[in-house]
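Have a look below at one chain only, the form predicted on its own, in structure tokens format.
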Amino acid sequence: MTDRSDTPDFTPYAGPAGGWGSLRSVAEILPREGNVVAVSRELLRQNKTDGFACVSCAWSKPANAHPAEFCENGAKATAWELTSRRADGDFFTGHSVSELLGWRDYDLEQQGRLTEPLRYHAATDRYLPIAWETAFAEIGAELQTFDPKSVVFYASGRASLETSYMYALFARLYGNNNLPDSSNMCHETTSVALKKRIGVPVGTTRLEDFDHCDAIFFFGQNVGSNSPRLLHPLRSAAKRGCMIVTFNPLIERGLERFTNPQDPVEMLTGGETRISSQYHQVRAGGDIAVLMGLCKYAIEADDRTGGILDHAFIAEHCHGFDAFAAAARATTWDAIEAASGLDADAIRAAGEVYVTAKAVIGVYGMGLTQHVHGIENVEMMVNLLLLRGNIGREGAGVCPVRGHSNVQGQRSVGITEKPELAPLDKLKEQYGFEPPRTKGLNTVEACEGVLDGSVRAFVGLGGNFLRAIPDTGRMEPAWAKLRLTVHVATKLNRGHLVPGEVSYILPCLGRTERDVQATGRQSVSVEDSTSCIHGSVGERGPASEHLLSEAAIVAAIAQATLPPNPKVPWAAWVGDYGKVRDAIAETYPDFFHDFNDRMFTPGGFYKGNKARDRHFETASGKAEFSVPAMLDAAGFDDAPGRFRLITLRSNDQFNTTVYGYHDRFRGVKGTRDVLFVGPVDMAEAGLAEGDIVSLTSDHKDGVARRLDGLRVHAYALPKGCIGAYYPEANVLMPVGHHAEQSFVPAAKTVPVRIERAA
């Protein structure tokens, strides 16, 4: 069933991103999932204007789509959803929860699509089928017994705008703002830092900016595995002479070179495009120092010759420049080198690219956000762009690359634990209730609540929360003490196998499937990383006749839980999603006016972005420079024997979903039990290729955390930095090890030690 092996293969991959390697990878997964013909047909509809939005990443969808507008991992995600495998009632009758808890993530999800609603029975330790009506009535009755503050409503980034709006309203009608979502685990740092510094919580670039930029500065994002469709605009930019300067601890193939699978000449001749013109392996946590070095170079060049900084833009649109410039001048190159792990001349060479480019885009991912001082990382990116007016200009701007396909959109329609970010007065007017005004729980706070017992119930709209969060060795035993757990899902995952006292799995339609309601076939919508809204229509028949849509499930639980409210037409919304979109437009008229008329606009309709128009809604009314109090984002000091662990995604996974055991770009096949160690660190630690070791947490909180059975593999990494796969390595990361202010788990710099196997 799996391609996991007792004798893993570690053969370096010499090919580019894309190319024949990508096609072979897709060709391998289709027969494994079955339904080859159906999946192949659906791939031609993927990310098209009249098709469906990919369920994996949130990268932008062009108005003029390629014939095949999908990437390798997008194809895997579609095959994964349209699999011919079924996890039906007979499967659950035949396997106890305790047995399944010992299975690997891949094997659990390979059982296929869930087919009917399930309720956990402790006496038999099994999930058994239950009627929908009974499940909803029981869940509603349970929810009515809790203090609303003790219930968490989690949302995965895959849920549509329509369902997300209904879900957020349900939580607030219930009485709380406990609405953590997957953004809390990745880009909440972006939302906090950008909101504070430029007045909007999202990036300012649009897809067309990549056609006009002169340079792209790329930080901490593995484009080849996590958002491969971004390789197309990067390739086009590189071909026309745009300089792409990359800072990343690991050499990632997608940022080195790319062969376009849709270019017959490149495919037949073995041609490829060099992506990065400079590639610098910054130490994990060293990005503040790098960005300070780039800013220092620009400021001091302007001091010498003038004409480097955009002083007119700074004078009119910025606040705090003088203090930041003084701090940059005062920061020594020795300090920058020590914190970044890079030679000053390398940073100066990158700085020369920046000061000579007219329009620059700053692209980044979780390599900036998932650190204790991740806020300062993002703020420094803003500082760099502001120096030369690279926000609010064609071909320029800040570009955070989001993960899940609608994680940004969920925030746009109310999924937030922060009451100040939701239009509570408008909701009060629309629906005739008093919304809760108290801050809700984010992901870290929800975990803390489970640990201390103050959280009693968890409702999950998709996702694999218990596997994605940190400190899993502590969280799983605490999770089992919850009174109620409810999971809306398409496939079985580990989070379902740690049931509360009362637990349900509610199977839903996937985005690729037909959703037919009272008024006929329905469509949904999502928001991409560039703030564009896209319609999506599923066409395949449902995996089971018993499946309900996410919207129908949310509405049914709400109706079973809440007192009747004539202003909240749950049944009408389920019957016609267009009415949900009308409600969204009423709540958010600036962004979603004429929603139904615009949702199938080619390339999506743009929500708008005030910072892009150089209107900065900050405390000062201007874009804010900031002065970091540190150069190292890790949040802990180096010490003998202490390493900085970077948790990594494989080329064969998306977030917690593992598609297989072949991390092609890193040359690892047949296993995920790997510890990537640099050759210098291997020699100093007395380690050899293939040694079996353990990692232990070096976080000073008195809790023992351990991950055993890792095979040492030599890999080019900065000194003091090691890598292991997520989510397996989450067991080493304390709940309290998170970004300050944003509470994002600091998964890119985890303090650990290496121990030899006994």
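The first residue of the shown sequence is 1; numbering continues from there. Note that the structure is a prediction, hence the values are computed from the model and not measured.
Not pictured, yet referred to below: the form predicted in complex with a small molecule.
Among 401-409, 428-436, 320-328, 449-457, the region lying within 4.5 Å of the small molecule in the predicted complex by heavy atom distance | Going by heavy atoms within 4.5 Å, the stretch is 401-409.
Kindly indicate whether 30, 60 and 362 are, all three, within 4.5 angstroms of the small molecule in the predicted complex, using heavy atoms.
-> Not a single residue of the candidate spot has a heavy atom within 4.5 Å of the small molecule in the predicted complex.
Of 119, 649, 662, 257, which one comes within 4.5 Å of the small molecule in the predicted complex, counting heavy atoms only?
-> Spelling it out, the residue with a heavy atom inside the cut-off is 649.
Of these, 397, 463, 538, 604, which has a heavy atom no more than 4.5 Å from the small molecule in the predicted complex?
-> Exactly one residue meets the criterion: 463.
Heavy atom of residue 730 within 4.5 Å of the small molecule in the predicted complex = The answer is yes: residue 730 has a heavy atom within 4.5 Å of the small molecule.
Would you check, heavy atoms only and a 4.5 Å threshold, whether residue 739 touches the small molecule in the predicted complex?
-> Judged by the heavy-atom cut-off of 4.5 Å, residue 739 is well away from the small molecule in the predicted complex.
Is there a heavy atom of residue 180 no more than 4.5 Å from a heavy atom of the small molecule in the predicted complex?
-> Answer no; every heavy atom of residue 180 is more than 4.5 Å from the small molecule in the predicted complex.
Should residue 83 be counted as a contact of the small molecule in the predicted complex, where contact means heavy atoms within 4.5 Å?
-> Residue 83: no contact with the small molecule in the predicted complex.
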